[in-house]
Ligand code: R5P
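There is one chain below, alone, in structure tokens, taken in the form predicted on its own.
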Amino acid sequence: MKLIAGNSNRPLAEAISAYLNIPLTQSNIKRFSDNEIFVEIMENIRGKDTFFIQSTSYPSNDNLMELLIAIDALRRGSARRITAVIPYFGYARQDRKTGGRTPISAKLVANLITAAGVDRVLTMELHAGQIQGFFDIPVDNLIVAPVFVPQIQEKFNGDKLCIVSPDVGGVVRARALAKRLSADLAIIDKRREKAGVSEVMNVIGEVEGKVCILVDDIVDSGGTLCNAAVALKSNGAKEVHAYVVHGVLSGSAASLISDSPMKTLVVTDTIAATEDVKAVTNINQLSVASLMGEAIRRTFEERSISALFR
């Protein structure tokens, strides 16, 4: 097995390397003066099972291009199998036509990754499960429950919990987590006027006197979560916390969350935290290195990955 890290999230790649006790393969990834990307693998990979670790987070276009070029370098280096390990799959929110003459960018990105020569994809909590069908190669979409559930059980032991989906689209995810925690379920009914702007309409479910935990796959501007937290508090929630897989946290999201009624926002390290995010005391980060590392090990050993989530 060979592990190669891109530049998007080096700390996570190093943590996966430590979990597997396998050193990262030496590589040279640099920019030319015109910002073209160059990738060179500095070790022999002929006949090896290779895993390239790269989130396509901000700057998403640069990181995506780096991933594609690295895959080409591995293919031309005669790797036996190439697995793209993409903790955060960018462009996933553009998974359908939302109007006339608009793209389905998630499908385009899937085509690009496949055309580059990858043999399989390992990712975490895709925005929409059907994105797996955009690929004509095997895709393992890991769920975050094995990371979130133990932490929630330890932190809120004895509290009456209510798992809350911030929108109708996230009900399946929230229901699955509520079932694991034997907790109640509530849903925020919202209306989105335009991208990045949302207005909470109603809270569906009983939240009064309960510790409410908002669950989502992506937090970007933070507006949806903050509006949901206000609505839950106004409906009598005892406390509001949020557990979100991918902390995009763009623009002024960090300061918005800092000033919100949420006591804590927990995100994973699928996206490297910026200095602004690190400075906010109520934003915490959980590592998915052990989960992704175990999935990589099982892929290499041709063992079941779904067994991790039973």
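Note that the structure is predicted; figures quoted are calculated from it, not measured. Throughout, we count residues from 1 along the sequence that is shown.
The same protein has a further form, the form predicted in complex with the named molecule, not shown here; the description that follows concerns it.
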- Partner-proximal stretch of 100 to 108, 136 to 144, 221 to 229, 72 to 80 relative to the named molecule in the predicted complex, 4.5 angstroms, heavy atom: 221 to 229
- Query: If you check in the predicted complex, is residue 127 within 4.5 Å of the named molecule, heavy atoms only?
  - Reply: yes
- Task: Answer with yes or no whether residue 184 is in contact with the named molecule in the predicted complex, where contact means some heavy atom within 4.5 Å.
- Result: no
- Message: Is residue 180 near the named molecule? Define near as a heavy atom within 4.5 Å, in the predicted complex.
- Response: no
- 4.5 angstroms heavy atom contact with the named molecule in the predicted complex for residue 167: yes
- Item | Proximity to the named molecule in the predicted complex, single hit among 233, 120, 93, 155 (heavy atom within 4.5 Å) | 93
